[in-house]
Structure formats: structure tokens, C-alpha cells
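What follows is one chain in C-alpha cells, specifically the form predicted alone.
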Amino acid sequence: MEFKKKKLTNGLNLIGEVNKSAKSAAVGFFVKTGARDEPEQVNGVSHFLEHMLFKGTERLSALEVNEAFDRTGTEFNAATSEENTVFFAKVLPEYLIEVTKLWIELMRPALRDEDFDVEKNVIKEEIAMYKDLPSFDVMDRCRSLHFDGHPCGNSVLGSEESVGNLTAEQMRGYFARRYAPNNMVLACAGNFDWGQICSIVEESCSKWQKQAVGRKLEHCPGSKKKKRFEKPNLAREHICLMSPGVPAQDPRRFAALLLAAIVGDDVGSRFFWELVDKALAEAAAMQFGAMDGTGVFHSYIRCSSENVTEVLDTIKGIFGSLSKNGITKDELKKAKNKMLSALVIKNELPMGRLLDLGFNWIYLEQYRTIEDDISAIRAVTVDDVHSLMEQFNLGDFTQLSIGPAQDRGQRTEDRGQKTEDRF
């Protein structure tokens, strides 16, 4: 594989990893904008714009956009997070140029008033749909509680109120500021011609205007607050725990990922053996998310209301044992094998490489090979994980729960404080 890069005078970064033995290719625009970059009054606009780009351009209607992708057999999609909006496609090599041209055109959409009005209702329905999913709702609410005023706590979807009050002019203004070439990366991976891609990008994107863009970066220690909400018709308790971690720019992110796997992998972790295997909880998992300037460990647990106290006591015991006794060499070895397997399998395909390629450039402005990441994972030691745990205490977490109504005499407590709230 061969890495290529080029930067246009307007700041647009073009990167590629050429693999002539691949049978497919992938291309995507990585836009460094998400919920954390939104003023409160337009919360949800990044996700709104993700939808709007598929509504077409001055030349293409929404139907014609879909027909253009469909004609080439392209698998395409987009996603918005707290920090990025990504538009990606995987395709046969012979159609990569055509699909790249299409993405370039879509990056300068029409943003028509009539499409805006229709899409506003679509997104309101999406917000309502996700509110009906307690596993999503509890994570979204806990993130807001954990970050507690920090922009990383902004909801990706926004609220019914913020989306309802959003105007087309506000949306266009946000687009003009954030979808600037110096805030974007175009990445390609797989079997493609680098020279052709460069020519197309230079011809089509050079006139895009650079903007003054930025992002305030600060670590968030987390609020450590604890709340519980009651929701009608729920039969199970949904619990989310969050605690701070290292940012995406910190080499210790690999140790953090391994620690999360040891604690909360789906199979064979401490959560699994102590909570799921013993039938205290139906689901219990921990993940680590490295972000721009900060990071977060987040856990999701689902159990019966009757088991909540025992589940939380068990989790505190797990965290206490980690703090006191640390992890074992065997646990670390198993976690490494799981992570390495997932990494290698994902990166065997150009689509998997595209995502790692783009995000490494967004966060690090660095090209990392698969071998670089494999070496970094293998290099993590037990002492590295212990050192990380000394700085980031998993047991000092923010907690948010959503569950069925409790008897008035029953309370969710932590350290002797009443923590129950109601809708």
C-alpha cells in the first residue's frame, strides 16, 4: 500500500492509500463539525445538514442523486457525531471517479427552503423515535449530564425545540462557516488512480472559499452527578455511567481501549462474568471514546428494577477491585487479541481503511498504517493500564438511569444522597 497526500491552497486536505490488489475502493468527505460546534440556539444543525446534502444541488434533485448512486451499485451513507460529519461510499474501482465527482458536487448543496421545511418534520420524527429507544435516550441524557455545559454534551439530534426554531438562514450560515475546505478532508482507499483523483479535486474544489474555523479544546473532568428519570411503559432499568479519559491525541488511547475491553467487552469481560453470566443484568458493556481534547469511558447496563441495587454494588466492587488489585497479564493478553482481530479484519477492506485513514488525519494530521496500530496495541503493558487507572478512576462516574416508576418509599441512592428526578 502507498500513502499519498496533497493540500490545496484553500486548505482542503486530500489523502489516499492506494492498494492495487484491492477489488474495491472507498471515498469519503470528513467534515470537522458536529454537535459540539453548535451554538445552543441551533443545536442539531450539523445533523440537519447531513440530511440536507442528499436533497440535491442546483443541478440535481434528490431523486437524481439517489439514481446516480444506484446506477453505480454504490453502498453509501453519512453519519453525524459530536465532532464530525462523514459522507462515505464503497464502490467498484471503475466507478470511483464518478462517485467522487458526485460527492464533490453534493458538498455544495442547494439547501432549498422547500427541502428544509420538509426535512424539519423528518428530523422531528427521528428525535421522537430515538426518545422511544431507552438504550439511546439514557446515553444521550447521561452525556449531557456528564459534560454538564461542556460542548461535548450537546445532543447530536438536537431537541424538538431547537430543531423547530431553526431557520433556513441559520442553517445556511452554519454551513458556510463549517463546511469550509480548510475544515474538511477528502480520503480515498483501495484500488484507485491517485493522479485522477487529484485532477478532479483540484478542478472542482479549488474555488471553495477558506473560512476562519476553529474549535475550543478543553478536557472535561465530568460532573459526577447522579440522576434517575421515570418513564411510562418501561419494564427494565437502563443505566449509563460515564467517567473521563484521555483525548484522541494521547498515545495512551490504546491502553484506554484495552481497559474498556477488560472491564466491559460483550464476552469474557469483568462485566460479563459478574453481571451477565450471573443473570443480574441482561446487558452490560463498557466502551472508550477518544475525542478532540478529551475522552470518556461509558457503560450501558440493562436490568430489572429489582436488581438495580445489587447491580450497582457489583459494579462498584468491580471498579474497587481494579483500583486495588489492577488487571492481570492474562486479561490484557485476551483484550489485545480481541482488539487486534477486530482491527485487522476491519482494515482488510478499503472501507475500513477509509475510516481509520480519515479520522487519523482529522485528529492527528498523521498517516498511520495498520502495522503502526498493531504495534501500538502490542506495546501496551500492565503497568501502562495501571498508570492510566491511577489518573482516571473508573469508579468516580456520572450516572443516569431511566426506568419504570418506583414505589414512593424506594429511592436510588449514592453515598447517602437522594438522586431521583422525575419527568
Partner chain sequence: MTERLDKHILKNGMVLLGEPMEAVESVAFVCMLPGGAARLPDGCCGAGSVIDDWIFRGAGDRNSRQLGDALDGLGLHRASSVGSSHITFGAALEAENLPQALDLYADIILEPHLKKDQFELARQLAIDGVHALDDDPRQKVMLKLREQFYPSPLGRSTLGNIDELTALTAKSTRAIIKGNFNLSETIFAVAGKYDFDAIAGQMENLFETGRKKLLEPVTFGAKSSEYTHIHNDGAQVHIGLMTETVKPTDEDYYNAMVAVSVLSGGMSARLFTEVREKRGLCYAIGARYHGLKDAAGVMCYAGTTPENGQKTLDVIIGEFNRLSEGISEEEIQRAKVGLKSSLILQSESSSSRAGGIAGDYYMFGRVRNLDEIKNKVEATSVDSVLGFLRNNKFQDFTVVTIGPKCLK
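Positions refer to the first chain, counted from 1. Keep in mind that this is a model prediction, so the values were computed, not measured.
In what follows, reference is made to the form predicted together with its partner chain, a form of this protein that is not presented.
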Exercise: residue 212 in contact with its partner chain in the predicted bound form, heavy atom 4.5 Å: no
Residue contact check: residue 119 to its partner chain in the predicted bound form, 4.5 Å heavy atom: yes
Contact test in the predicted bound form: residue 62 vs its partner chain, heavy atoms, 4.5 Å: yes
In the predicted bound form, residue 18 touching its partner chain (heavy atom, 4.5 Å): no
Which of 309 to 317, 105 to 113, 161 to 169, 75 to 83 sits within 4.5 Å of its partner chain in the predicted bound form, heavy atom basis: 75 to 83
In the predicted bound form, the one of 139, 332, 201, 276 near its partner chain [non-hydrogen atom within 4.5 angstroms]: 276
Answer option from 238, 143, 353, 226, heavy atom within 4.5 Å of its partner chain in the predicted bound form: 238
Whether 95, 133 and 267 all lie within 4.5 angstroms of its partner chain in the predicted bound form by heavy atom: yes
Interface residues of 387 to 404 toward its partner chain, as seen in the predicted bound form [heavy atoms, 4.5 Å]: none
